[in-house]
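In structure tokens, the next block holds one chain alone, the form predicted alone.
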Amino acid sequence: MAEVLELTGLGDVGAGTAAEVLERGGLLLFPKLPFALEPGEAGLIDAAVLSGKSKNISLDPATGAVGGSNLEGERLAAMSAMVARFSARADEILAALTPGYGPHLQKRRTSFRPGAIETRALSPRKDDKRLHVDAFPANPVQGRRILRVFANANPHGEARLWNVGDEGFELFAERFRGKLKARAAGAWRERLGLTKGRRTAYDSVMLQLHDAAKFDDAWQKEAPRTALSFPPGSSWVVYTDSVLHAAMAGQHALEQTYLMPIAGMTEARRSPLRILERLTGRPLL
């Protein structure tokens, strides 16, 4: 199974150790590291704040705009402040855990996820209750890692439940290698506004892995996995592009996404990019 390093606080692990665990395909769990709400914010922890057009509320770091809610005026400002404060808290967590990452990390969207996972009816491709690794169709990462910081802000005592695949990324990719085609990079999607940046051969292969896993019903039933419970008041950190995961239940989580160039990793050879290049026998960037 994926290594889960359970910690009591940010000072409980050395910086090098934290990076090594993450890069080996592990997960850092802090059962008692809450994202504390400020006075007046409790009323925002409610699925009714969603617009109905999006499953999440998100903060764009480039513009500071918050989308996905039906809020206006003071309540929208309060939501923006809460999500921005979580974003800053995620920065603090990574600065303490992996200070060597600091010059390399590229912040992307922050999200608040107030909806209940188990009530969503989605297509297999969009169903995150199926084991998968993350890949972004509209936002190519171009070989960079996807590092995420989560917190469970549920006010009703409900844990967030995940399944984590017991296979490492290399074994998983080897299993589906026959379905992978390292397509040449093209700029047409970017020119047509279908992607925010050029989709590389690496992005194409990762999307194929994501879809191959989600559409394989037999593998979804048989793949070995471990159930994890993230209690209210907990935080966790994981590379979701290499750790097989499925969100099974829970409500009211916050999440911060970062992109991490492999040049900033302790061991770039452990990155999905380098693993997939070894398996396909060709450069993917």
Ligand code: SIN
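Each residue number is its position in the shown sequence, starting from 1. The shown structure was predicted, so the numbers you read here are calculated from the model rather than taken from an experiment.
One more form of this protein, predicted in complex with the named molecule, exists but is not displayed; see below.
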Just one of 112, 202, 172, 162 has a heavy atom within 4.5 angstroms of the named molecule in the model of the complex, so which one? 162
Check each of 91, 128, 190, 158 and return the one that places a heavy atom within 4.5 angstroms of the named molecule in the model of the complex. 128
Choose from 81-89, 190-198, 96-104, 145-153 the stretch whose residues reach within 4.5 Å of the named molecule in the model of the complex, heavy atoms counted. 145-153
Can you tell me if residue 108 lies within 4.5 angstroms of the named molecule in the model of the complex, counting non-hydrogen atoms only? no
Tell me, yes or no, whether residue 166 is in contact with the named molecule in the model of the complex, where a contact means a heavy atom of each within 4.5 Å. no
Is there any non-hydrogen atom of residue 59 lying within 4.5 Å of the named molecule in the model of the complex? no
Residue 27 within 4.5 Å of the named molecule in the model of the complex, heavy atoms: no
Contact set, 234-263 vs the named molecule in the model of the complex - heavy atom within 4.5 angstroms: 245, 247
